[in-house]
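Only one chain comes next, encoded as structure tokens, the form predicted on its own.
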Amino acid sequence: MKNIENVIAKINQIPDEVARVGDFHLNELMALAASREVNNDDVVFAGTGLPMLGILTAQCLNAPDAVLIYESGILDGRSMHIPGSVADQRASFMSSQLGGLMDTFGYYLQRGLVTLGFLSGASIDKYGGVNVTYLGGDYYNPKHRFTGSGGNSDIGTMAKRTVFIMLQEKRRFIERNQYTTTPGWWCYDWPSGDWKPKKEVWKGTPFAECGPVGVVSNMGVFRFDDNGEMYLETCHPGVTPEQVKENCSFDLNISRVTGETPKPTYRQLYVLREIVDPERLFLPVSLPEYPAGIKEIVEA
């Protein structure tokens, strides 16, 4: 078992140089792309999996003062390694408060104190609306029934800004969801049923300006324009804008691509692998090896 103090002490010994393609895994690239969304003063509501990798890495590197909330009621925990889920009690290590759903949703989220939410979904529309409820058939007789909101709608509409981490497929990035669990920048206005900008539908509420600001997929990073429509910002290494567009079922705007998603540095990879997820709960068990010089430092 590695001594955590020795592992932490080595961080500054690892070169902060950009890793070569082939020296990192796609999941690591996505987790680090997510970590860059975290500001140092953020209050982050995160879910299980890649969102955890992102926020915990950010706390180690670029946002040490960011406060992390899990829906199980854990506030500002500083777990030694990544928890297995939002209910894993390892997440409560050094926490400021141990509460419950009433605290996290009622006190923090609904009062407007959460500045960043990390979410996922079965599908996402061009305006950032997400479906995690059902596909095919109708609501009462669906072809596929998913887990439902589970806090997705609450977090996605009440956090100041939201970032989605999604698997990129044509059937998942769509023009309009069959069912909207979490509304994006355009949504239905009830009871009229008209499709309108969210800022207009929610005008006068504390959450009219809250919504998605980014999407991290396995192909690129996306943003939303002033009209609330998704556009491609960066492509992951080895992926072209045209390939990303082919994996959307709507006419994705690729005219604003700024280049390639930044590759990890070896120091970032070290933090991810040796400090955040050394047990490989969410990173793949088999990862590319460090270059010889860095491997020598890690194993010393």
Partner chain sequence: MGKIMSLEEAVKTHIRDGVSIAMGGFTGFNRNPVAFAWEIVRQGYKDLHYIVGHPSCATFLMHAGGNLGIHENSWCGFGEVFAKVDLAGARLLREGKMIFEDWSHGQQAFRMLAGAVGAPFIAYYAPLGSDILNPEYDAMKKAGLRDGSNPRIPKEKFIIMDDPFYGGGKVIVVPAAKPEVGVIHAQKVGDMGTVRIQGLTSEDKEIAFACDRLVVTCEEIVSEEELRRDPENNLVPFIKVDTIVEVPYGAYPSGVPYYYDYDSELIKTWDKLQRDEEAIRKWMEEWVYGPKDWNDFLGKVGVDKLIALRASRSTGYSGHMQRGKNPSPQVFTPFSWRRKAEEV
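Source: prediction; values computed, not measured. The term rigid core refers to the most C-alpha atoms you can superpose between the two forms while keeping them within 1.5 Å. Residue numbers count along the first chain shown, from 1.
Quick note: we don't show the form predicted together with the partner chain, though the next part is all about it.
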> At the 4.5 Å heavy atom threshold, is Asn227 in contact with the partner chain in the predicted complex?
Replying inline: no
> Looking at the partner-bound form in the predicted complex, is Ile11 within 4.5 Å of the partner chain by any heavy atom?
Replying inline: yes
> Should Ile275 be counted as a contact of the partner chain in the predicted complex, where contact means heavy atoms within 4.5 Å?
Replying inline: yes
> Even though the partner chain is not shown here, does Lys170 get within 4.5 Å of it in the predicted complex, heavy atoms only?
Replying inline: no
> Looking at Leu61, Val44, Val244, Leu50, which is the one with a non-hydrogen atom within 4.5 Å of the partner chain in the predicted complex?
Replying inline: Leu61
> Are Tyr134, Tyr139 and Gly150 jointly within 4.5 Å of the partner chain in the predicted complex, each by at least one heavy atom?
Replying inline: yes
> What residues of 64-88, in sequence order, lie within 4.5 Å of the partner chain in the predicted complex by heavy atom?
Replying inline: Pro64, Asp65, Glu71, Ser72, Ile74, Arg78, Ser79, Met80, His81, Ile82, Pro83, Gly84, Ser85, Val86, Ala87, Asp88
>> Superposed on the rigid core, does the Cα of Val21 end up 2 angstroms or more away between this form and the one not shown?
In response: no
> Core aligned, does the CA of Gly204 move at least 2 Å between this form and the one not shown?
Replying inline: no
